[in-house]
Each structure stands twice: as C-alpha cells, then as structure tokens.
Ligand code: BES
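Shown here is one chain on its own, the form predicted on its own, set out as structure tokens.
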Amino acid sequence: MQLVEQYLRDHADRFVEELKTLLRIASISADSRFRGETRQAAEFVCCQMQSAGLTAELVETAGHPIVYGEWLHAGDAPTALIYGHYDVQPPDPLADWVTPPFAPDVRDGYIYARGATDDKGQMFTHLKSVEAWLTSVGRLPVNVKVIIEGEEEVGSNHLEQFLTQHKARLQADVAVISDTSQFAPGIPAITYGLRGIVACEATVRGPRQDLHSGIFGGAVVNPANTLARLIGLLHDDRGRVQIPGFYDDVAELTPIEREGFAKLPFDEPGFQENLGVAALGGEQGYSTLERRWARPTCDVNGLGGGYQGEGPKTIIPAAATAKITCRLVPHQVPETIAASLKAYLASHCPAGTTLEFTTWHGCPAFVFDPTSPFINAARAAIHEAFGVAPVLIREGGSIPVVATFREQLRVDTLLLGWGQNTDNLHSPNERFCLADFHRGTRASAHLWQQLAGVRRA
C-alpha cells in the first residue's frame, strides 16, 4: 500500500482539477436540451477509465450511454462491481446558487457544483483509487468491473436491459456504490439498508378549459380544490399514511436496530436548525432516525394547476396535478402501493372530475447483512482511511440499481458514502468536502486490498 498511498498524495491536486472538468459538464439527463452535454460526460468518464488502466467502452442505449470498464487480471481473487452515475439533477432554482451550478468553485474546503457529491465526486474516488493501484503497482489485488450510467436521476430506464444482456459478463462477488452519505462529519458510515420508492403523478381534470370563477364558480367542481382535499386525505393527524393496506407488509424494526439507532450521536436540535424548520414532524411513535431510515412515507413533491403568474386571475382551472412519491421499507411492493394509491384517490374524486394517474418508476427496499465478510472488509478500509471505525446505518433515499443487482446478478452491495446529508443533494449549492473526497479515495484504495482477503463463496 505504500506506493499507492504515495501516488494518492502526489496526485491529489490533479484529481481535484479533473473532477472540476467533469463538474463543468451539464449532464442533466432529465432535460433533452442537455443531451449533448450528457454524452460529453460519458465520453469524459470513459477516457478517465482508460487513463486509469481499465479496458473501457461506451455502450449505446436508447437513452444515454452506459460506460463500462474492467480489469480482470487478479486470477481467483474476488471481483468487485463498481457502480456510479455521471448524470445530475436539474440545477433549478438558479437564483439560489451562490456561484453557477456548472462552474465548480472551491471555498472553505468544499467544492460547490451540481453533481459534486451526487454522484460525480463520489464515483470519481473509485476511478482514482483504481488508477493509483494500476499506475503505481501495476496491478490490483482484486478484479474490478465498472458501470457508470447516465440515467440514474431519471429512473435508470435502460440499465436493466444492459444487465440482462450482459449478465454473464457482469458476474461479481460484491458491488460497490458510493452514492450515500456519512452519518455526520467525522463519523463515516456503511449503509446496510435503503428505502424503496414508487413515483407517481395524479391529475384531476374538470371542465374542458379554464373558466371565469365569477360566472361559473359554484356550478362546477374545482379541480384544484379537489386535489387539495385529496392530498389532505393522505395522512391522519398522527402522520400515518391513510392509503388502504399501506402498512400491511411493512417489516418492523427489530429491538436491536432501534437500540442501535438510539445510541448514534444524533444532534436533533442541530439537524432541525440546519434545515431551518421550527419543528420536526412525521409518523408519531418513532424517532427522527427511524422515520427517515426505516418507516414508509408518502409525500407530495410538486403541485401545479391554474394561474401561476403575478397578481390575481379569477379562474376555475381546468386541471390540477400533484407529483407524489412513497418511500418504502422491506416487503412493501411498489406496484401494490401504486395501485392502492390510485384507487384511493379515485374513490374520493367527486362527480364532475376525473383522475388521471401515472406511475413513473419504482423499486423495492433493500437490507444487506451487516455481519457479512464484505462489510467487515469495508469497515477495515474505512477505519484506515478516516481514522475512526464506521457506524452502520440505514438511508432514507433509494438507489434502484441495488435491487436490480440483487435480482439480475444475485450480488449484494456495499454502500459506502463519503459525502454528508448536508451537502445539498438535489438542491442549490450542492457541495462535497475535499478532505472527504481524498479520504474516500484512500478508503477505496484500501478496500481493494481488504476485499482480496475475503474467501469467495
């Protein structure tokens, strides 16, 4: 490891400059206007893989390309499948950014840009650790396969097809993803569970066009009023979701897990202050960490309908729309939850309105064995790089590819986050601590050595 460590120190500044180059590319997968930039990001990642010493190629899909690379010269040593994504969320609202989202800026030890921590910066740590091994030592202690996709932020629509078509080629012993967070500054974490998700859109329609509220008000049902009432029916006054059957299959936390969560040094007042809210809320009877990590939720993500411009406009809108996501826990089935939500909303739509319902994407929740030898290897690598042992946590977000890896490749995943929940993921002024970027790269380098000692099943 001495040669690898020296290489990481000698090239740390260059790694940051190369990351800046990637962050300047506006690879917004959800917006077709940025299709060229998204492809440019894929090409840059492919070049980075090749420079690191991997055999790499762009794999075309009906959407954005997948970048695949590999190095398979470690004989019978375990094979790690590294996953990440080069696409990013839209940067809106632009006015809230201190510096432009695609003009990376370093200040106070952080690099600020869209994609800094989700997921360009975190993904980059693994490419650089592979480069350090192959350049300084000439080989890796394990075999590696790398998949970097460009559609994670829009549901990974073409990844499953790629995995199915290349199932034999992609066989591995463990997957490695860094698209989660540490527990807190100075407290690295291994995430052993993720909530699942189902994303939907509900539109209530009424008259064929907007109507004058004075002439027609009181004679027709207002779709915006109806949608507001439907949203109000989603929860009771204790924060419980009211969709029929929503909790039927929920896997409850074990006493050991609840005790473990309670022992974590969670600063609830600080958490509240950082969010800028006067109080926390949610399902009663559970702690904040339990609600965030291991309880199912139903949230409205966006509302639209009627006049949105400056000043009044007295209309009854023809339609109103809500974007809704449910975060799921183990044993909940996305398709079942979506169907139940649709039926529940439709059953409360009054005559004179119709409901249009679309399910965009979904994935089940995931829990990994916290005692596995792969997690023990990750513990040792992180301890070496960060100077403290990582804690085991769950995460409230969803990474659909984790379930896909289990279903398609029969492989479990190490979720090793180097960022922080306070890094403004999906928000203005996204950032990544450069010290954590370098520690994450070092932890990744140590991980390959630690995994080499795991006996293959």
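Start at 1 and count along the sequence shown; that's the residue number. Just so it is clear, the structure is predicted and the values come from calculations on it, not from any experiment.
Unshown form predicted in complex with the ligand; subsequent notes refer to it.
Listed stretches are 99-107, 381-389, 176-184, 345-353; the contact stretch with the ligand in the predicted complex is 176-184, by a heavy atom cutoff of 4.5 Å. In the predicted complex, at least one heavy atom of H361 sits within 4.5 Å of the ligand. In the predicted complex, the ligand sits within 4.5 Å of a heavy atom belonging to G155. In the predicted complex, the ligand stays beyond 4.5 Å of every heavy atom belonging to G63. Taking the partner from elsewhere, L58 is found to have every heavy atom lying beyond 4.5 Å of the ligand in the predicted complex.
When the ligand is considered in the predicted complex, only one residue from I197, A320, I337, L289 comes within 4.5 Å through any heavy atom, namely I197. Contact with the ligand in the predicted complex, defined as a heavy atom within 4.5 Å, holds for exactly one of A26, L425, V411, A403, namely L425. Along 385-408, a non-hydrogen atom within 4.5 Å of the ligand in the predicted complex is carried by E395, G397, S398, I399, P400, in order along the sequence.
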